[in-house]
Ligand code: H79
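One chain is shown next in structure tokens, namely the form predicted alone.
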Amino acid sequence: MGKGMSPKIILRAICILVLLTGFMMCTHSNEQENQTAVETQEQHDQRMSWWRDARFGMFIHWGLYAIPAGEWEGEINHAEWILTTAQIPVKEYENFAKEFNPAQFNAQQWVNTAKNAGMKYIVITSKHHDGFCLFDSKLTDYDVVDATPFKRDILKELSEECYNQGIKLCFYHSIMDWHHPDYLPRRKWESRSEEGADFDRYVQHMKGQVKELLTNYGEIGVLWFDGEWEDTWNRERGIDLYDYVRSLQPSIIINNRVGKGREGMAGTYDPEQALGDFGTPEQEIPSTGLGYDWETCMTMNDHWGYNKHDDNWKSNKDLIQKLVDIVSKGGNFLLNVGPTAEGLFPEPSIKRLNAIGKWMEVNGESIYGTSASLFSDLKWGRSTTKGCKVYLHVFEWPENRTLEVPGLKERADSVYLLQNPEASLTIEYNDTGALIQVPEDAPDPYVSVIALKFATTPGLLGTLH
């Protein structure tokens, strides 16, 4: 140090140096955090690639609401929203935790059922709006390990089994929480006071649980948020939560319900402004492709959570055709199961999953890794594309044994049924398209698939989207 420099000057210089160093470290840290959500198109496509290839996943809505099984005081149309729809006081609802003991839960069977159905990923409710957690959270006792006689971490068992069977595990997590004392607003019919509640404190609690989910259960494919629509949530909170999740697992995929702006079928969704990596139309299929990544989530009957009175099951044919319809428009299909309080998939769900699985065993190549149809309209069904192949999914088998394919002018090297690739089908071309001669009877009772193989990737088939 120079001679004659006073101790005060030295001390001030040291303080300034410390402050500058701290500022630079803080700035660097913030830049690192903000970089989490910034990526090139190539990086984004790589992150989305497994999900786009998968096309088909299982949604699982399970929690304390499985115990009343949709019924409360004579009303039988409840499900996972029963705390609110039946206006059950929170303290009374908590008693369900003392009864939750799903002794027949078997993670291996669950994952195997999904895999045999042709599903590539599972999205399960880690916490629904009622606030109850299916995992061992250190931030609350209101979870399956601490509050129930079951005392097993369901998500841990599923994570291990998904890893063993090659299925991507994904978590649904509700932003809304009717149980937590700091969550606002309260339900209008509730007697609990809002006095002392701090929503910012709740958000920190929620982020803490998200951190548990993303650090204790291995690599997670998707974090599927919900419950974002109340006024206490906003875009800024959504941006913060999105970046936080990506800071914990940079390769994870996040749905659009992390922030405001969930799309409807009326076209109100703006993918340039919306948060999240894919859209989430619920219980409906868009009439056309949407121009961005999307996934239709849908129930097999009329409820997400288990309702023992709901027998309005969609047919095997309807579900398989819905899968094909969605994939032909460039979307994914997330099909729901609501397990019982005992930990079992309802038998009607299992029967339908088995039927879909048998169809996928034969026709899965026309679903996995495919892109949307090159045709604008096929009266008899749908179409998908993959590499040098075009797949025709025939819903209505032609009685005259001639399948008209309007706009198909590019000549295929081979045409055959996926059920019997060795037997070629005759194809003829004319001014309006092509005619394929098919057997008298449809080879599949739900959807028969014809494959057309070209020398190069087909680009123009006449009537394009």
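These numbers come from a predicted model, not from an experiment. Each residue number is its position in the shown sequence, starting from 1.
We do not show the form predicted together with the ligand, though everything after this point is about it.
At least one heavy atom of His128 is located within 4.5 Å of the ligand in the predicted bound form. In the predicted bound form, none of the heavy atoms of Arg55 sits within 4.5 Å of a heavy atom of the ligand. Heavy atoms of Asp226 reach within 4.5 Å of the ligand in the predicted bound form, making it an interface residue. Within this chain, Tyr93 is remote from the site of the ligand in the predicted bound form, having no heavy atom within 4.5 Å. Of the candidate stretches 147-155, 201-209, 128-136, 373-381, only 128-136 has residues whose heavy atoms lie within 4.5 Å of the ligand in the predicted bound form. Residues His61, Glu80 and Arg257 are all found to lie within 4.5 Å of the ligand in the predicted bound form, as judged by heavy atom distances. Taking Asn101, Thr232, Thr85, Asn112 one by one, only a single residue has any non-hydrogen atom within 4.5 Å of the ligand in the predicted bound form, and it is Thr85. Proximity to the ligand in the predicted bound form, defined as a heavy atom within 4.5 Å, holds among Glu219, Glu342, Glu194, Glu282 only for Glu282. Contacts to the ligand in the predicted bound form (heavy atom within 4.5 Å) from stretch 162-186: Tyr172 only.
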